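Alright, two takes on the same chain below, each alone as structure tokens: structure 1 and structure 2.
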Structure 1
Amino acid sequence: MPVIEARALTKTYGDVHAVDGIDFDVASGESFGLLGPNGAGKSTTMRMIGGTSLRTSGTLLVNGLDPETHGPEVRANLGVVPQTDNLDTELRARDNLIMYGRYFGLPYSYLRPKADELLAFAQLTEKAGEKVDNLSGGMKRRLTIARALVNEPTVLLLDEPTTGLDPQARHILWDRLFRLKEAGVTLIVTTHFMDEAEQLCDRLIVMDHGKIVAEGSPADLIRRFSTREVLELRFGSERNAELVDDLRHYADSLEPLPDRLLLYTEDGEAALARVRADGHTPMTTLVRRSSLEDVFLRLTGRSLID
């Protein structure tokens, strides 16, 4: 039985189609990603899974139960990390973990050692008695993740877990999430960072305007929707647009961005040699492997981050 089973899942706010009839399954132990730009409907989907947002139509089962009719029971096995931290600012760091556990009906005898263990896991042991407002952004994020683990969830929902964190904090967090995955926790991650999706997700859906535009593993998506390599050329912001038609035939396809041209090709160096041989003189060049960012760009004609 899949952990999550969504069919024609739909949520409208007035005339905004936040989630527009999506279907997906998540298997137990899988790391599943929702990748898409701001406003794609990722957070709304997450809230519907937790039963804190009521769907407009469609069906949704989490561990075989409908979160709308069995919210408390569904959430007993869920860990939720929302997009914006909602720690209890009237309680101190450790009390945040303990009180949150109390909401699950867990006893203090279990929660006291658990809170200490989770503080260590989140590298916050020294901050146990600190007021939440005095913690840095990264610490709050880690505390929020620790809090989501207090009931030992089998499914962890992470809504943009590393947005706003510096690179070092992001890597610490990815490491922690990886350990949870190894421990068998099903991870559901939303992100608009392609590197995060590539790092964390076994399989993902690419969302845009509330719809699924592609589904597969990161490698699979890149293979299907992009070429092996990308040649990035910069001619200066005025000239980039003028050269689009001249350069198109050097690659399988070309995507113009305001600051650079992306040429999709199996062999970036070879394409670059041909471009140069014909007398074009880019200011800077870069050959790199395709990423999920390119998948999104080629599927929608837009960047993930605007």
Structure 2
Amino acid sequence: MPVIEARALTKTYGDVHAVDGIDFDVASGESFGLLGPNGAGKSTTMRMIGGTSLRTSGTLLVNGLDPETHGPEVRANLGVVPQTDNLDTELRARDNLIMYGRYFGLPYSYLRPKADELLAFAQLTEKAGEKVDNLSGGMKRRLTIARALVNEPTVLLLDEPTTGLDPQARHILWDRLFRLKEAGVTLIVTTHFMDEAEQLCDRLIVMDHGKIVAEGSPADLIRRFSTREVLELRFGSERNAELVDDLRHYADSLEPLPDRLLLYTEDGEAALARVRADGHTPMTTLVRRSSLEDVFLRLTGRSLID
């Protein structure tokens, strides 16, 4: 039985279909991603899984239970990391964990050693007595994740877990999440960051306007919907659009963006050599491998941050 099973899952707000009849399964111990721009329906889907938003129609099971009719039982096995840290700023780091655990009815005899264990896991042992306001953004994020683990959940929902963090803090957080996955925790992740999705997710769905437009592993999606490499060319804001038709034949496909042109090809260096040999002189050039953002651009014509 899948840990999470959704069939024709729908959420509407008046005439707006925030989630529009999607189907997906999540296996136990899997790291599953929801990818898409703002307004794609990712966070709404997460709220329905957590039982904090009622679905309009369709079916949804979490550990075999309906979150709407078995809310307390479902939430007892869930950990939730929201987009924005909502820690109690008046409490110290360790007390945040203990007080949160009391909401689950957990006894102090369990919570005191558990808080110390989670602080060590989040690399915050030395900050146990610090008030939340004195912690850095990365520390607050790790404390929020530690708090979500106080009830030893089997499923952890992470909504934009590294937004606003610097690269070093992101890598530390990724390491903590890898350790959870190795321990058998199922991770459900929403993110805007392509490298994060490729690093963390075994499998993902790409959402746009409430619908699923693609599903698979990161490598599988890139293989199916993009080329091996992408050539990025900049000719200047005024000239990029003028050269679209002239440059199309150098690649399998071309995607114009406001600041650059993306040429999808199996060999970016060879395509660049042909472009230059024919007398085109771009201001800047970049050859890189295809990413999940390229997949989304080719599927929808939109950037993931739109």
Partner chain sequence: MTAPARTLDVRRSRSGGLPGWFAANSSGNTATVIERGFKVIRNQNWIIIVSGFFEPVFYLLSMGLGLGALVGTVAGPGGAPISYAAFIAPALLATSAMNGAIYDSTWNVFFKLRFAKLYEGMLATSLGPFDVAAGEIFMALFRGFLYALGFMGVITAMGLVTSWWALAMVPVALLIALGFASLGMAITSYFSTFQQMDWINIALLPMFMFSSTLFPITVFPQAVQWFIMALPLWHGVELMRQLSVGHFEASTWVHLGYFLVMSVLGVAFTTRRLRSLFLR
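Superpose the two forms; the largest set of C-alphas matching within 1.5 Å is the rigid core. Please note that residue numbering is based on structure 1, beginning with 1 at the start of its sequence. A quick note: this is a predicted structure, and the numbers were derived from the prediction, not measured.
Practice prompt. Mind telling me which structure is the form predicted together with its partner chain?
Written response: Structure 1 is the one predicted together with its partner chain.
Worksheet item: R92: CA shift of at least 2 Å between structures 1 and 2 after core fit?
Response: True for R92: a C-alpha shift of 2 Å or more.
Fill in: Large Cα move at G137 between structures 1 and 2, threshold 2 Å, rigid core
Comparing the forms between structures 1 and 2, which are aligned on their rigid core, G137 does shift its C-alpha by 2 Å or more.
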